[in-house]
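Here's a solo chain for you in structure tokens, the form predicted on its own.
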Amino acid sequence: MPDVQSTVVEFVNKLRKRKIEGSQATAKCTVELLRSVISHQRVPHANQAAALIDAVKAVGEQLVAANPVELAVGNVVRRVLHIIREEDLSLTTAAMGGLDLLDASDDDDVDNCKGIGYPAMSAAVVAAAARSTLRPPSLQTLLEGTPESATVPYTSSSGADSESKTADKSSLTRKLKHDVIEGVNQLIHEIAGCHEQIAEQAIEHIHQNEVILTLGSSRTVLEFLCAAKEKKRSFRVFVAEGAPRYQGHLLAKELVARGLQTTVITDSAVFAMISRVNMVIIGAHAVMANGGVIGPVGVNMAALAAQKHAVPFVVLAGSHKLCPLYPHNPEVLLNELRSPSELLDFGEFSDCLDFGAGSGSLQVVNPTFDYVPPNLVSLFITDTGGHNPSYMYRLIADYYSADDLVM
């Protein structure tokens, strides 16, 4: 895969240099790259799923290492691995069920089976066979050169029937790669349309003459608010400026261009203005398995102010931002520091920024993200609907396999 490998290296360099802005764009590019890897991957006749999983994991580890803070990369890699496992399980179950139907329809085989004393294949046998498909082959299988998945409880007396069953099973095995690519295509479509799916729910949460507070710049929040405006809802938006990058200014311009009443406030004025607010709506960088939120810096301050004044704190997040990991020291491990030049002018403070000096030197800390614990969140709105923070772990469990949590 020389062409695919060069594409992987190019994408890794983009992630490392932070050339891709936004979790949605990063997730979409990651899934498209993994689709290319799967389509070009040569797989053996036996253990196709294991070969695909190994190929995806090898690429996924490179992508995650290039930018560990961009959690959407690891999320979609795990989603693709989950798709592979689910499609393989589905095909294996269908194959085993198909063999049962063929055996049941062959009267001679049934009579022979009864005469010999072999039991019919039960649902437990089918489930056990399906669960064992991703296990590595045994030593006996490797020495004999026979795939474990080709073993059936008994052999038909008819050679033609045996060959037809083997051909049917081979065709089902070849179908795995096609079904996986179809599942990945659905994931790409889901990521591309997450903003629209979330925005459709705006009319249920934003009411007439309300005041909404938001912080930072999020396309999900922008589309959500504009969708409520298009439904003839009249409301005002307070936008915290999001210093030092001032991304709130960009959001305010977009809102005004869409015809929304917008007021820009300083970040330090959030607590003073929160008593006038009916709801806080923010976009998330990632949603952790415990319901905690990684968001733009300053969002924890807004969440504490909302809790103090009993104001609902609502988080908008696409399903690609749902992370199956639990946060451990998220303020440090799930954060990155930006350039001090965004805060201070080096020319003006050059005499203070003496790193060789002792305690008298000036240090600058400019974090990118903030962490909001789940007890400060009132509601999550995803492309699948609204969810309570205590339900997020169950929702996340539907998207990932336990075997893929550690990359």
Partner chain sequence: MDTRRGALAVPKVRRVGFFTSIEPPPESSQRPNRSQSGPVEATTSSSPLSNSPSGNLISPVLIPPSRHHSDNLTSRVAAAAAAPVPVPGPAAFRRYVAHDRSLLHVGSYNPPDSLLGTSTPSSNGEFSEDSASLFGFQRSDSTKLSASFPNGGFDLTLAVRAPQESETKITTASASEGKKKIAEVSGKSESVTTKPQKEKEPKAPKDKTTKAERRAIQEAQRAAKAAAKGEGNRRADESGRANPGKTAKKPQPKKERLPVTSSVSEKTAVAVEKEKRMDVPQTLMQYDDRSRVDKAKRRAVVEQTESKNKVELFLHLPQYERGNQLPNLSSNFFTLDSIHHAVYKVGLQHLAGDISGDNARCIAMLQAFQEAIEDYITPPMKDLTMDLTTKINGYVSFLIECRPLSMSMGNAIRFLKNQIRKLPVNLSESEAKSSLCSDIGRFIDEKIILADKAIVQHAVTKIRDGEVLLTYGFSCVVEMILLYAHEIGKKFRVVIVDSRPNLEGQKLLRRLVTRGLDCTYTHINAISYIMREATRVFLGASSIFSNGTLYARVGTACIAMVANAFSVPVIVCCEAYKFHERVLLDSICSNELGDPDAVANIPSFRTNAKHSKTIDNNKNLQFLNLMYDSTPSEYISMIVSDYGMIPPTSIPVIVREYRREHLLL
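Positions refer to the first chain, counted from 1. Note that the coordinates shown come from a computational prediction; the quantities given were computed from them, not determined experimentally.
The same protein also has a form predicted together with its partner chain, omitted here; what follows describes it.
**Q** Identify whether its partner chain in the predicted bound form is within 4.5 Å of every residue in the set Ser268, Val297 and Arg338, based on non-hydrogen atoms.
**A** Checking in the predicted bound form: Ser268, Val297 and Arg338 are all within 4.5 Å of its partner chain.
**Q** If contact means a heavy atom within 4.5 Å, which one of 46 to 54, 364 to 372, 23 to 31, 378 to 386 is the stretch that engages its partner chain in the predicted bound form?
**A** Partner-contacting stretch among the options: 364 to 372.
**Q** If you check in the predicted bound form, is Pro327 within 4.5 Å of its partner chain, heavy atoms only?
**A** Because no heavy atom of Pro327 falls inside 4.5 Å of its partner chain in the predicted bound form, the answer is no.
**Q** Within a 4.5 Å heavy atom cut-off, is Gly259 in contact with its partner chain in the predicted bound form?
**A** Yes, contact at 4.5 Å.
**Q** Even though the partner isn't displayed, in the predicted bound form is Thr93 close enough to its partner chain, meaning a heavy atom within 4.5 Å?
**A** Close contact is absent here: in the predicted bound form, Thr93 is far from its partner chain, nothing within 4.5 Å, heavy atoms only.
**Q** Mark Ala58 yes when one of its heavy atoms lies within 4.5 Å of a heavy atom of its partner chain in the predicted bound form, and no otherwise.
**A** No, no contact at 4.5 Å.
**Q** Of Asn278, Thr263, Gln201, Asn290, which residue is found within 4.5 angstroms of its partner chain in the predicted bound form when only non-hydrogen atoms are counted?
**A** Partner contact (heavy atom, 4.5 Å) among the options: Thr263.
**Q** Considering non-hydrogen atoms and a 4.5 Å limit, which listed residue (Leu187, Ala252, Val77, Ile83) is close to its partner chain in the predicted bound form?
**A** None of the others qualify; the residue that does is Ala252.
**Q** Taking its partner chain in the predicted bound form, which residues of 298 to 323 have any heavy atom within 4.5 Å of it?
**A** Gly298, Asn300, Met301, Leu304, Ala305, Lys308 sit within 4.5 Å of the partner.
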